[in-house]
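Below you will find one chain, with nothing else, as structure tokens; this is the form predicted on its own, and questions on how it binds or moves follow later.
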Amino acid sequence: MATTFSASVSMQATSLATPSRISFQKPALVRTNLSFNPRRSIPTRLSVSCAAKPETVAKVSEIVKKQLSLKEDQKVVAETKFADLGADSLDTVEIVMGLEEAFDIEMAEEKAQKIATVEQAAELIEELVGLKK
């Protein structure tokens, strides 16, 4: 449902003593045939999934846990953001260094700076490992 407002302003400059006249009209209600149902399920064919292999995501998760000294029972999944785990920029650099060592790769600084989640790290690692072959 959308609402539009309209206003009309008319000013008469006959003399300085004459006040300006401003009039506002009531908003007009516009009906549409659009409806949004938040309870409607999203088809599975439109779901977004991680492009990286589950093994890569699991290994990255373990390295992140180790670098940040997290408890073993703390859940780190593909969507987990490093910042949500309490990592600052220095921690992120250490995570990247740990990933480079574990996967025997080198990440370009520009790409490494864009990594914010476990999923992004895993996808970049798979891309770099694929280029090495």
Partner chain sequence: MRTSVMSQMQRSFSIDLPSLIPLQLPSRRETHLWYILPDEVKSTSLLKRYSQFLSPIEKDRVDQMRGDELKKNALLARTLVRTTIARYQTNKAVDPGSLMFKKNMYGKPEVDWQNCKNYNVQPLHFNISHTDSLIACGVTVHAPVGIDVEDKERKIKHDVLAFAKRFYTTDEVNFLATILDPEAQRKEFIKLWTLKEAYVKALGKGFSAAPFNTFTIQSKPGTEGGYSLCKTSEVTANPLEKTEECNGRWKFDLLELAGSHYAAVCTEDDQADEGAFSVDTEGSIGFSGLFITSFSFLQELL
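Residue numbers count along the first chain shown, from 1. Remember, it's a predicted structure, so these values are computed and weren't measured experimentally.
Another form exists, predicted in complex with the partner chain; not displayed. Remarks below refer to it.
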Should Lys81 be classed as touching the partner chain in the predicted complex when contacts are defined as heavy atoms within 4.5 Å?
-> yes
For Asp104, is any heavy atom within 4.5 Å of the partner chain in the predicted complex, or not?
-> no
Non-hydrogen atom contact Glu72 with the partner chain in the predicted complex at 4.5 angstroms | no
Contact label in the predicted complex: Lys59 to the partner chain, heavy atom within 4.5 Å | no
Could you list the residues in 99 to 128 that come within 4.5 Å of the partner chain in the predicted complex, counting only heavy atoms and keeping sequence order?
-> Glu100, Glu101, Glu106, Met107, Glu109, Glu110, Gln113
